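Have a look below at one chain only, the form predicted on its own, in structure tokens format.
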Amino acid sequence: MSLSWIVLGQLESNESMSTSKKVITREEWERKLRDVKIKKEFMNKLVMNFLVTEGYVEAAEKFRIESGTEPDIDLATITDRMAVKKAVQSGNVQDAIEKVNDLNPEILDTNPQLYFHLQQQKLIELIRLGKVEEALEFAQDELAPRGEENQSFLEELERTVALLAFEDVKNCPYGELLDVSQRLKTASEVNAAILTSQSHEKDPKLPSLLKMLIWAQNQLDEKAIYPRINNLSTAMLEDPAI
């Protein structure tokens, strides 16, 4: 539990006693920080979780050796997962599909939405290369049948095929589909599905904890004046202007 949560609870219990904000000095705040005991083992697991989830296999291996923290999955599988992610990010969707099937055929068999998005990404890459006839044929043979079964798939297919109606596709209403961000979105979806199949969280825990910190500080701002962390990259306490 973070210090902000602890103080917030204390202030809520005293809220009826005073309507003015409580002023917490840096000395008092740092003393409270020292009183919060967090095991190093927990911190190490948090770091390992981030490295594994984000795919930093070399860093994870070095951290395993240095800290003695064992990952909850085989680090060798990270390399395979990152190969899939890289293939999608570079536009080699068919290669990514084959790699996913080599890892675990059930991933795509049991996730029709993911498979559709990979096929949609493949269509986008054909359009990017200007292969109009091949793109139309692929859309008709591979994606249209899935669109008939799922309304949301059909809407996504229509948006994608609409790119063919514009000469300047990058500046058309659906041009964002050709952005690198679309590749990254699909790659992240595949990455999450692989992690789930390995019984691992699809998102690292650290960003969620930082979001909780921001929320807790925002709540505490309404009740107290205290040294807060404004820059998450440095985590330095900054004295409030009183």
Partner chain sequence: MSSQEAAVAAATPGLVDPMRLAARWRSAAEWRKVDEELDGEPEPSHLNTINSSGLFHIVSTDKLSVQYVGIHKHGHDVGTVQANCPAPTKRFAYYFEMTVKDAGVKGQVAIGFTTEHFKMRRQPGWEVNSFGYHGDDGYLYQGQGKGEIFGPKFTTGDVVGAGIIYASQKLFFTKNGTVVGTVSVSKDVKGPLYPTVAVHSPNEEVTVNFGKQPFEFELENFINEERKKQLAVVENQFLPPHLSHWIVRSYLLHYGYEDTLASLDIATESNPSLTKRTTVDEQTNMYALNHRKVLRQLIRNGDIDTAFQKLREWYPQVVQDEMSVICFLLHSQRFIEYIRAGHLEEAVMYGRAELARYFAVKAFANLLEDIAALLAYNEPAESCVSYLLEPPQREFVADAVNASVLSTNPNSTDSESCMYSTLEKLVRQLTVCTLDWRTLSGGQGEAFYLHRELRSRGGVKRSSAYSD
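Predicted model, so just to flag it, every value in this text is computed and none were measured. Basically, rigid core = biggest C-alpha set you can superpose within 1.5 Å across the two forms. Residue numbers count along the first chain shown, from 1.
Beyond the structure shown, there is the form predicted in complex with its partner chain, which is absent from this document and is the topic of what follows.
This chain lacks the partner; the member of 176, 70, 66, 27 within 4.5 angstroms of its partner chain in the predicted bound form by a non-hydrogen atom is 66.
Interface membership of residue 33, defined by any non-hydrogen atom within 4.5 Å of its partner chain in the predicted bound form, is confirmed. For residue 181, no non-hydrogen atom is located within 4.5 Å of its partner chain in the predicted bound form, even though that partner is not displayed. Taking the partner from the other structure, its partner chain in the predicted bound form has a heavy atom within 4.5 Å of a heavy atom of residue 44.
In the predicted bound form, residue 201 approaches its partner chain with a heavy atom inside 4.5 Å. With contact defined as any non-hydrogen atom lying within 4.5 angstroms of its partner chain in the predicted bound form, the contacting residues in 199 to 235 are 199, 200, 201, 205, 206, 207, 208, 209, 210, 211, 212, 213, 214, 215, 216, 217, 218, 219, 220, 223, 224, 226, 227, 228, 229, 232, 233, 234, 235, given in sequence order. After superposing the rigid core, the Cα of residue 36 is displaced by 2 Å or more between this form and the one not shown. Relative to the superposed rigid core, residue 197 undergoes a CA displacement smaller than 2 Å between this form and the one not shown. In the core-superposed comparison between this form and the one not shown, the C-alpha atom of residue 214 has shifted by at least 2 angstroms.
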